[in-house]
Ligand SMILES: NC(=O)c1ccc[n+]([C@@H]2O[C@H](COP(=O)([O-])OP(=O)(O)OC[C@H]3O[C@@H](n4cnc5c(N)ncnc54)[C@H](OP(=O)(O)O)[C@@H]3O)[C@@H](O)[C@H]2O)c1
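For reference, the chain that follows is the form predicted on its own, supplied as structure tokens.
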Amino acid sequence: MHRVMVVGAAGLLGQYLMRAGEGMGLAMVGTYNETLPGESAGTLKMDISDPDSVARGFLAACPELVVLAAALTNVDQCEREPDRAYSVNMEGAFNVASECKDAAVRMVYVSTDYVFNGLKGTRYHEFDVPDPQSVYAKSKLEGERVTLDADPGNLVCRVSVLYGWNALNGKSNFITWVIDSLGRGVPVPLYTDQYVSPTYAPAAARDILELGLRGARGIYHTSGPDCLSRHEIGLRVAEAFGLDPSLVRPVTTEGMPQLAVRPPRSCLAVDMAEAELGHPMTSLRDGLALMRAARP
């Protein structure tokens, strides 16, 4: 039986990595820093920005595979707090990768579509050259670099706009925020000029674990297969949940600027992951149907 440590088990992806691993018969150990991921059994408190804390966590867990899902993901917060962003997203990855190297353990690092500048005009493949435009994106790309520098056999999995029900701490994500806002009759301004590949967290968790267990190495895109504007996503959410689409209001980045630069089109090509896994990635339509069926 494989012993897998999920670093960041209280996050949206982390909690589904734990569930997916348990369903696959793996021995799962989850780490947390501030939010306890459900039951305390099988969990460890670990601060990835502290090398000593990481070393203690590895000593306690004795993992055979490590998935680093912990990150500072608030893009505008990273712009305001660059030191913290690099401490978590780059130095944290370095600390975990170093322990993995010393213990001869494979590592999976979860990264982001935002490592690209979004100006290509078509989907990005794994071989395309990154050009991050924000502190968040730059810190995540550095996390990729230290992961693969530590061991070329490690794996980087890029995702985009993770969504799904958050059963642990109620923290919203893009899709649940849209559902909640429309359900309360609140207009939702959504960008018509920011295109992404929305990623259903339970499906991504399964795919990432499978790739890790198969020994996949290098970089894989494990997002959803769609390329949709945030406005289009909002309309699909309204349709799937029987909500009022007239409340989904189109806006542009120029008309409603944000602190940190977002790529205009950071959609990911998932051909490589689909070929390796032998199945298509979960579309937004299917992900929303699964969410509606599992609505708490």
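As the structure is a prediction and not an experimental result, all values here were calculated from the model. Residue numbers here begin at 1 and follow the sequence given.
Omitted from view is the form predicted in complex with the ligand, to which the following refers.
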Interface stretch in the predicted bound form with the ligand - options 134-142, 98-106, 176-184, 211-219, non-hydrogen atom within 4.5 Å: 134-142
Non-hydrogen atom within 4.5 Å of the ligand in the predicted bound form for each of Asn33, Val161 and Lys171: yes
Ala10, Ala273, Ala20, Leu284 - the one with a heavy atom within 4.5 Å of the ligand in the predicted bound form: Ala10
One residue of Val66, Ile48, Ile233, Ala61 in contact with the ligand, assessed in the predicted bound form (non-hydrogen atom, 4.5 angstroms): Ile48
Val156: touches the ligand in the predicted bound form, heavy atom cutoff 4.5 angstroms: no
Non-hydrogen atom contact Gln194 with the ligand in the predicted bound form at 4.5 angstroms: no
Exercise: Thr73 in contact with the ligand in the predicted bound form, heavy atom 4.5 Å: yes
Ala204, heavy atom within 4.5 angstroms of the ligand in the predicted bound form: no
Stretch 106-128 - residues with a heavy atom within 4.5 Å of the ligand in the predicted bound form: Val110, Ser111, Thr112, Asp113
